[in-house]
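Okay, here we've got a single chain as structure tokens, the form predicted alone, with questions on binding and movement later.
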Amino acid sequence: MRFQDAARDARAVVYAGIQADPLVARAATLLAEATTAERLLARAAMNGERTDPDVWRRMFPTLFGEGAGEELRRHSELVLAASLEVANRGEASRSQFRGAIVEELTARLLAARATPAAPIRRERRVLFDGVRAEIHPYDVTVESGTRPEVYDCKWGARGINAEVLNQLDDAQVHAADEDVDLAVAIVVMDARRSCELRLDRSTANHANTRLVALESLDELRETKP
């Protein structure tokens, strides 16, 4: 088993420009240190249905009310401002920015592990001897020599589909054939219940695919055995 950079086709070049936008890094930095409530706020606000910040302040009184505390209110204001910047990008651009933010957030949380981290890379394919390579690369990889990890990142539960789940499961099976303990996971910036409902309806094999939902994002900081 080995990792390889994804092909630099037109889609990859355009998306790389979005990934390099300072807004992506700023939003991911804020969300890496956010509470679950702040992450819920970010998900809701980035959908673009309401762009008046006062509406969101009223909807999340635990973040912006007097009882929230000055530090939490300050951080929540920054999260809200960045989220509304994404929301105001327009429908097509907004979708790409949200995906890039989830990927960057995943990479940053993995890099924050207490133990020395293996190389964390983006847009990488996993190759196996004698097996046709998957077209789509993995969003984030932890390229450890002892227990490598691959992550597919989604903005919402609707992004969980059979193609994604089959690719993750196939990778783990092929890795096992080469005596490699490959950890596979899907990270979704959506409520766990929504993700689980989507998974329950899928016929694809996902028994060994770890789900990291919005409420459990901080688990990515943990080094798995």
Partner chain sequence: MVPLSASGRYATCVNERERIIERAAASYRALADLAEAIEDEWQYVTDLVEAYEPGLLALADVGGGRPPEPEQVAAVEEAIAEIELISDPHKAIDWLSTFPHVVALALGGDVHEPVGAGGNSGGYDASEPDDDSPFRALLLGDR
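What you are looking at is a predicted structure, and each value in this text was computed from that prediction instead of being measured. Numbering follows the first chain given and starts at 1.
What follows is about the form predicted together with the partner chain, which we do not show.
Among the residues D177, E49, E163, D181, the one placing a heavy atom within 4.5 Å of the partner chain in the predicted bound form is E49. Residue heavy atoms within 4.5 Å of the partner chain in the predicted bound form occur in exactly one stretch of 128-136, 90-98, 142-150, 105-113, and that stretch is 90-98. The partner chain is not shown here, and in the predicted bound form it never comes within 4.5 Å of any heavy atom of D21. Contact check for A118: every heavy atom lies farther than 4.5 Å from the partner chain in the predicted bound form. Taking the partner from the other structure, the partner chain in the predicted bound form has no heavy atom within 4.5 Å of any heavy atom of R122. Shown alone here, R26 lies farther than 4.5 Å from the partner chain in the predicted bound form, counting heavy atoms only.
Contacts between stretch 57-72 and the partner chain, counted in the predicted bound form as any heavy atom lying within 4.5 Å, involve R58, M59, F60, P61, T62, G65, E66, E71, L72, listed in sequence order.
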